[in-house]
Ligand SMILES: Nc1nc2c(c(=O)[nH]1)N[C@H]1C(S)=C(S)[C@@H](COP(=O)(O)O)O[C@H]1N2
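As a starting point, one isolated chain is supplied in structure tokens, in the form predicted on its own.
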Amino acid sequence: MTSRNVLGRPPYAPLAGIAAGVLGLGVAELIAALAGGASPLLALGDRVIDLTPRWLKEAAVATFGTADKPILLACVGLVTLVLLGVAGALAVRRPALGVGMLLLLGAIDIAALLADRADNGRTGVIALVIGLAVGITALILLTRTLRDTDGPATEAEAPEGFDRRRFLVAAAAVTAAGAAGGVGAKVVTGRRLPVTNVAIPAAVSPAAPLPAGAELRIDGLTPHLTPVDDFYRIDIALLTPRVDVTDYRLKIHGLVDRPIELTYEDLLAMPLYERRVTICCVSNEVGGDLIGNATWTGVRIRDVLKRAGLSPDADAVKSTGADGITIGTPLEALTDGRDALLAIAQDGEPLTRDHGFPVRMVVPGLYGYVSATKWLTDLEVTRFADFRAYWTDRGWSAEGPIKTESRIDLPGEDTMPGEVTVAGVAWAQHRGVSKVEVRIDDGPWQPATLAAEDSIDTWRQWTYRWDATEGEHRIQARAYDRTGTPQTADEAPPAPDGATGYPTRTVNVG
């Protein structure tokens, strides 16, 4: 007698497992959505993000940019489908093994829900248990018709009495029901739209007019102000938090004299300040595009902290977002006179959900991982010695001052001989850029022409006229801040406190 493969008769057994799993997950997602609990699938994705090694996170951001999370979620879904297929194959020979596989997958997801960063997973656990029961029942019923204890010994043959069409119809119906549950969950969640149509009062201190010559308007050169739709977004939220201003609360507590709680209306009633500030992600590679410049409107953080009264023992503020992120910011950077804001508007309009509605932090001079908390809900005045934030707990530096950097936008990889415009942007937030230099191949450094300075908190455009000759050439740039310190040539990756090195572009002339 021929030995039988424990994976069952392909493709029916794996199909049964996938169909049963999709049904169970769809039921769980729908119940979680109706009850306002965390999504089991997204909770699993969040846990994968949390457990991903730092080097792999950096590789994902460098490779996929802002598409890293959709790709991650697709990978989680694909792996889940494969494991469900294995569960179905096992269930044909040994039903207990198939059920055990589903229980193991469910236990992993329950652990992810209980570790939910936004502390919203308990309702999701109940929904998942119900969905798991439905999925196990479907698995047993679907694989029962595939079991053959007395039938033929070869796996390619169907068991006696097996109705292929009936099985495929049943599997398709089960899968469709699960998919319908998932779609229904999305519809239910989508109908709970938060109030976002708010009017932003006029700022008591508007941003200064943009100086003449600060915007060079050269085709291909990064504009001085980044449109909202083009502004980079790097965060840990697989699903953008939905925060409603009608029940929004910002808690300020910790090492303060008077813990306070502010509503969105309270913030709107405070003096608002409008400032142009360039913010940058610490994951930005040398010459990368995870950086943007915008006009932000909000309440000065130092005014809010003054209301609460600060303890002399404090040296940090731990901020928390609705996505569960925790960020540690040096208290000095929030109180030393720079325009650190609880921003409520970007470019004159309320923040979009993707960029932190209703409130986010914007702190000039610091990388986003220590300053730019989105969907802000909590400010705890504390000490660095008493806590570890999300990113510092994963090996990043506790404090992240932005380094002096530059980027080359022009020319492209191919150009014609003659006068060529080399152009880009340079930044040294809260210190300011004093000059930029360019060199071709290994020649001497030559001064570039700087656009007018907007402020020390924004980047500056620059240009250089190059008499290009035929052949392959290497262009490099370096910036200087207003202390006279040049951008370093030492090459370093983004971790643990920002990438360094000269931006380099190879150009073919001819």
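A residue's number is simply how far along the shown sequence it sits, counting from 1. Only a predicted model underlies this, so the values are computations on that prediction, with no experimental measurement involved.
The same protein also has a form predicted together with the ligand, omitted here; what follows describes it.
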Open item on the list: Does any part of residue 317 reach within 4.5 Å of the ligand in the model of the complex? Heavy atoms only, please.
Closed with: no
Task: residue 224, heavy atom within 4.5 angstroms of the ligand in the model of the complex - done: no
TODO: Indicate whether residue 281 is a 4.5 Å heavy atom neighbour of the ligand in the model of the complex.
DONE: yes
Open item on the list: Test of understanding: in the model of the complex, would residue 396 fall inside 4.5 Å of the ligand by heavy atoms?
Closed with: no
- [ ] Work out which of the listed stretches, 352-360, 265-273, 335-343, 305-313, brings a heavy atom within 4.5 angstroms of the ligand in the model of the complex.
- [x] 352-360
- [ ] Counting non-hydrogen atoms within 4.5 angstroms of the ligand in the model of the complex, say which of 438, 146, 132, 372 makes the cut.
- [x] 372
TODO: May I ask you to choose, among 368, 124, 88, 178, the residue with a heavy atom within 4.5 Å of the ligand in the model of the complex?
DONE: 368
Task: Residues in 322-336 with any heavy atom within 4.5 Å of the ligand in the model of the complex - done: 323, 325, 327
